[in-house]
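Let's start with one chain on its own, the form predicted alone, as structure tokens.
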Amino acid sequence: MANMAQAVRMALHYAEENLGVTDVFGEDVGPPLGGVFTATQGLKTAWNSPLDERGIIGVAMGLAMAGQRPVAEIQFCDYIYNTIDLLKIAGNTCWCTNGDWNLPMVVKTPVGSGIRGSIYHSHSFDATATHIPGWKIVMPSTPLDAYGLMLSACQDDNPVLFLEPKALLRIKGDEPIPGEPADERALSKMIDAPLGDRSAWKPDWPALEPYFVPIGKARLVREGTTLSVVSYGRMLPLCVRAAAALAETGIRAEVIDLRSLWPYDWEAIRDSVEKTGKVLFVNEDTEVTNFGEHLLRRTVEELFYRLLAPPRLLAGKFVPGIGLADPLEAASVPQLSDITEAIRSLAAEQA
């Protein structure tokens, strides 16, 4: 099975060939590196930009306004913050022009902790991203969803932020990418650049097939009746592991992978909460003005009389960054033990 980085790479190749993607660019995105996580190796339209995040976003906006379909990468989301004003302009262009101008551009960037990246390579961006209207925002938790969401992003006429959980980029999926070979070693030989001299290397792409995950549609990962757990990105697999372990104690946690932060699938959340009466929102961004707080507020406003206990949020600590040492990182963002205890505690709570 492909890992998430390979899935993103194959999706971008398919988009180059079939969806009109014209430029894939950013810092070290082109040859020879193909991105720091190798998610752009071998792409025919990939090229290296200067070390200038504002220039990257500005060029993507210009290309999109000129009718192209660019995919721009910010190497780590920690460095996207100096482009906020440009992201705001990109998000409001269609609205400000009364629909006369669309910006069909994708901005991809790795997010979150989990690789011991310390203060400059461990930030989350989901809360900040959802404060910028006009963008569609997606964050996959599996390679197959990464493939399907990237294809949907590349054909969308709106600007789309594709947030890649960097700790999951090397994790293999449980479901194949349509068209990938059954032997993962064969896939690696086909599309992974060799170490050393890559000047003569060319990928041998498999016969990939289209697979679109609709932006705004959540995925029911695990059914349950005791409580609902709503998450996305890196935290989602941890929620699934916690739910599976607690099932042995009689706690049946329903787990929903949101996949899209905007638009998000409120119907999936509502239906689950109406069934279980309890909900825990989990993500790793800092807890103050967290996107999960919005979901919690809407849950209280619209589903108050269906709740059997107050809804809860489990999120990262409100600290300026993530420490390099393992104990510091573990103390800053939710860990498996934190999620397990939060589910157990909420399951036991009575209204």
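Note that this is a predicted model, so its numbers are computed, not measured. Residues carry their position along the shown sequence, with the first being 1.
There is another form of the same protein, the form predicted in complex with a further copy of the same chain; it is not shown, and what comes next is about it.
When you look in the predicted complex, the only residue of 193, 218, 246, 132 with a non-hydrogen atom within 4.5 Å of a further copy of the same chain is 132. The closest heavy atom approach of residue 88 to a further copy of the same chain in the predicted complex falls within 4.5 Å. Not displayed here, a further copy of the same chain is approached by residue 123 to within 4.5 Å at the level of heavy atoms in the predicted complex. In the predicted complex, none of the heavy atoms of residue 225 sits within 4.5 Å of a heavy atom of a further copy of the same chain. Proximity of residue 322 to a further copy of the same chain in the predicted complex falls within the 4.5 Å heavy atom cutoff.
Annotated contact segment (heavy atom within 4.5 Å of a further copy of the same chain in the predicted complex): 132 to 140, selected among 251 to 259, 237 to 245, 266 to 274, 132 to 140. For the stretch 291 to 312, the set of residues having any non-hydrogen atom within 4.5 angstroms of a further copy of the same chain in the predicted complex comprises 291, 293, 294, 296, 297, 300, 301, 304, 305, 307, 309, 310, 311, 312, in sequence order.
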